[in-house]
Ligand code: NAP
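As a starting point, one isolated chain is supplied in structure tokens, in the form predicted alone.
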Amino acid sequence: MITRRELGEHDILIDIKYAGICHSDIHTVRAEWGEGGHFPLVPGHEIAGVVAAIGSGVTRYAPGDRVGVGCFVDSCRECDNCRAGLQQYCTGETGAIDTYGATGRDGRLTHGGYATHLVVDENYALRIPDTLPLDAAAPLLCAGITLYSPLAHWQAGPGKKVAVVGLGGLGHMGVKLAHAMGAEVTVLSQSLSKKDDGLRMGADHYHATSDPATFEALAGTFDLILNTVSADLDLNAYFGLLKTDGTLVQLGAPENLLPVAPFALIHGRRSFAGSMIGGIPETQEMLDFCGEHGIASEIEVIRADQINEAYERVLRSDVRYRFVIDTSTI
């Protein structure tokens, strides 16, 4: 059992209803990113719930409000990035304080959403639109914003051709969001096994990357490619799919270094970039956008006693497309 901090002046107490399972949770639980010494730990940074109580100085929320918490719960609040609403890139002494596995302002280890309640500063919570079901909204707090941020930054929209590499927990959100933004969307997947799903979600085209002909047929096609997979891909082959001035954005985090051939970028003035999640303003913008367009994650709701099984299924890519824990079963 863990204890949360006492409700501070600007804190809200969230009655957690649902928590999404992210691959990052599995990496952390299995200490695959070197987080030794941070246990016992409660993972989970795709959190959706209802405000149960508020501190005396809270102005943003009231009891009963539908809220979410994503990948961080605080930051320095003073650096240029924080002041610009880019808290995810905080350069201050604290950096962005992760929702779990980090040291909070009170010196205590932060714990995430695989729990019944959470205390968080009101400035680091998000309002979930009434048009979105809480269970399907939970993954938006990580998977959704991870795709929305680069799509918004690189101005995906009408007249733009966007490719999404991989149709998984991240990729399926990229298809839905890019389609809603008005872009022409192509899925690049290892096989055609999920083609029907991809087209139903809004993809205009779907191609198998296991077929060498795909890279010949689509050479010089895309303004923007979003790589959501963490596998060791031949990035240089994908650079060849970009138009002049096109950009490939890396979202997945493979364990190994990925070789980049300079001339694959030089020819065509192409760019290779990275992107994380979004800051608080952009994440709220994403939630509002999803509420307006009826966009939510495609989920399988599980009980708390199914978490270990769900982890194994994630590793086998046996989920369409995100597991969400019903925290009433904890």
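In case it trips you up, residue 1 is the first one in the sequence shown, and so on. In this text the structure is predicted, and so the values were computed from the model without any measurement.
Another form, the form predicted in complex with the ligand, is not on view; read the next lines as being about it.
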Per contact check vs the ligand in the predicted bound form (non-hydrogen atom within 4.5 angstroms), the hit among 217-225, 196-204, 108-116, 139-147 is 139-147
Residue 79: heavy atom within 4.5 Å of the ligand in the predicted bound form?
no
In the predicted bound form, does residue 277 have a heavy atom within 4.5 Å of the ligand?
yes
Is there a heavy atom of residue 306 lying 4.5 Å or less from a heavy atom of the ligand in the predicted bound form?
no
Look up in the predicted bound form whether residue 319 has a non-hydrogen atom within 4.5 angstroms of the ligand, and give yes or no.
yes
Each of 161, 183 and 271 within 4.5 Å of the ligand in the predicted bound form, by any heavy atom, yes or no?
no
Answer with one of 167, 242, 156, 177: the residue that has a non-hydrogen atom within 4.5 Å of the ligand in the predicted bound form.
167
Pick from 85, 252, 129, 95: which residue has any heavy atom within 4.5 angstroms of the ligand in the predicted bound form?
252
For 187-211: residues with a non-hydrogen atom within 4.5 angstroms of the ligand in the predicted bound form?
189, 190, 194
